[in-house]
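Below sits a lone chain in C-alpha cells, taken as the form predicted on its own.
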C-alpha cells in the first residue's frame, strides 16, 4: 500500500487536531459518523493526501448528502487535483443535486487547464439547468464546440434539456435536429420542453414523428405526452396512450397514474380520472391533489370535499397546493361556509402560511357568492400589499355583480400596480360601459392605443379523430371556412328563433349594435363547435378547450346550441369546465 501511494509522513496528533479537516469532521456531527471514522483513520495512518482514497471518500460524502463545508475541506486537502478527481467530482455533485458545487469544480478544472470529457460537459450543463443559470450554460456550450464535443450524443441530449427547460425551445429544437443519433432520452427532453413551455401541439407532433421513425417510447415519454394532451384537449390521443400503457403492461406507478388523472380531468372525463385514482396502489400527495383539483374544475365541489376529508383521515398530509385545489373547488361550487372553515384550518390545524394563491381563492369564492363587502374586507386585512391577482379576482366579482363604483375603484388600483397589463384596461373599459360612462370607455381605449397595449388573443381547440384544430375569433384560415361559417350562421339563426338574445355588452361598446352581434357570432368557441358538429356523428360529445374565460354571450348561445343540435358540449375555459346539455350548464350559470 505504501509503495502504491508513495512515501507518506504520519502526522502528529498536534498537527492533526489543528488541521481544518479535523475540525470539519468534528463539526459534521453524527450524520457523518461512519465517514468521520474512516477519514480520521486515513489521516492517522498518513494517507490524507492519497488522491484515490480522498476521491472515494468524496464519492461517499456526496452520496450521503454531506455538509458542503466538509466536502470542500476534503477537496482542498489535495494539493494538485488530477483529471480523474475533477471529472469524478463534477459528475458526482451533479448526480447528487449539488449543482453549485459541480460548477465550482468545473471552473477550477478550467483554471487548472484540465480538459473536459463528454461526461463532465453533460454534468456541468445539467447543473446549469438545475440552477437556471442560462448564461453559464451558454458559456459551457461554447466550450463544448471549442473542444469538439458538439456532436456527442450525451452532450447534445443535455443541451436539449438545458435550452428547453430555460424556455428557449427553438434553440433546443435546433440542437435536437442536428443530433446524428437521437436516444429516447433526447426525444423525451424535447417533447417535455415543448409541453412545459406551453407548446402542447408541437409536443404531440414530435411524438408522432418519433412513432414514424420507430423509436420506442418509455414511461417518461408518456408522462410528458399526457400533459401535452391535457394542455390542448387531445382526448383521443390521451385515450390511445392509456390503452398502449395497459396493452404493453407498463407499471401504473404514481407518476404515470397522476399524469393519466390530470389528462382525463382536463379533457372532460372526471369519472375516468377517478377510476384511475382508485386503481393506483400507491398514491402520493400529488395524486390526491390532482384528483381534488379535477373535481374542482368540473364544479363537483361536494365530491372534492369528500375526497379531501378522506385524505385527511387516511392519505398524506395536505400541503399548500392541496389547499389551493380544495379552496378553488369550493369557489366554483359556491360552498362558502366550507371554504371559510378550510381556510381557517390552513393556519390553525396545519401551521401553513396563506399564500397569494390561497388569498385569490378566498376573494374569488366570496366574490362569486356576492359577498363583496366581506371579500373587500378580506383584502384589506392582508398584512402586506395584496398581489395584483387578488385585486383581479375582486374586479371580476364586481363586474359579475354589477357593482360599478367598487369595480372602478379596484380597477384603478390595479392599473397603478400593473400599468402595462392590457387585461386591466379591458376590464375597466367594460365596467365603465356597463355603467353607461361612454366618455370613460373612449378614454381607456385611447390609453391602450397610445401605449400599444393589446388584449390577449382568444383561441379554442377541438380534437377530431386524434387531430387538434385551432380557431381564433373571425378565423378564416381553415380550408373549410365557408362551410363552417354557413353552418354557424344557420345555427345562430335557429338559436334566435329559440329565444337567444345576443349579450352585446360582451364586446366593444363604441361600435354599432349590428357590428357587436356580428363580432359575437364568430367567437372562437362557436367556430370550433360548428366545426365539431359538422365533423362528428350524431350523439358524439363535443369537447372544446379555450385559453380565456368564456364570455356571457357564448355561454348563453351554447346552451341553445346543445338543444338545437341535440349534443352534449363540454367547454374548458381558463377557469373551469362547462358541461352543456339539454339547454343547461353544469355550472348553474355560476362561473
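Residue numbers count along the first chain shown, from 1. From a predicted model like this one, the values you see are computed outputs, not experimental measurements. Rigid core (definition): largest C-alpha set, two forms, superposition within 1.5 Å.
We do not show the form predicted in complex with the DNA, though everything after this point is about it.
Using a 4.5 angstroms limit between non-hydrogen atoms, residue 227 touches the DNA in the predicted complex. The DNA is not drawn, but in the predicted complex it has no heavy atom within 4.5 Å of residue 312. For residue 472, no non-hydrogen atom is located within 4.5 Å of the DNA in the predicted complex, even though that partner is not displayed. For the chain shown alone, residue 266 is a contact residue for the DNA in the predicted complex, at least one non-hydrogen atom being within 4.5 angstroms. Each of 118, 220 and 255 is positioned with at least one heavy atom within 4.5 Å of the DNA in the predicted complex.
Remark: of stretches 364 to 372, 320 to 328, 244 to 252, 428 to 436, the one touching the DNA in the predicted complex is 320 to 328 (heavy atom within 4.5 Å). With the partner omitted from this view, the residue of 192, 461, 235, 392 that lies near the DNA in the predicted complex is 192 [heavy atom within 4.5 Å]. The single contact residue among 421, 359, 91, 466, judged by any heavy atom lying within 4.5 Å of the DNA in the predicted complex, is 91. Residues 165, 183, 185, 188 of 165 to 188 are found to place at least one heavy atom within 4.5 Å of the DNA in the predicted complex. Core-superposed comparison between this form and the one not shown: the C-alpha position of residue 192 differs by less than 2 Å.
Core-aligned CA deviation for residue 94 between this form and the one not shown: 2 Å or greater. With the core held fixed between this form and the one not shown, residue 85 has its Cα displaced by at least 2 Å.
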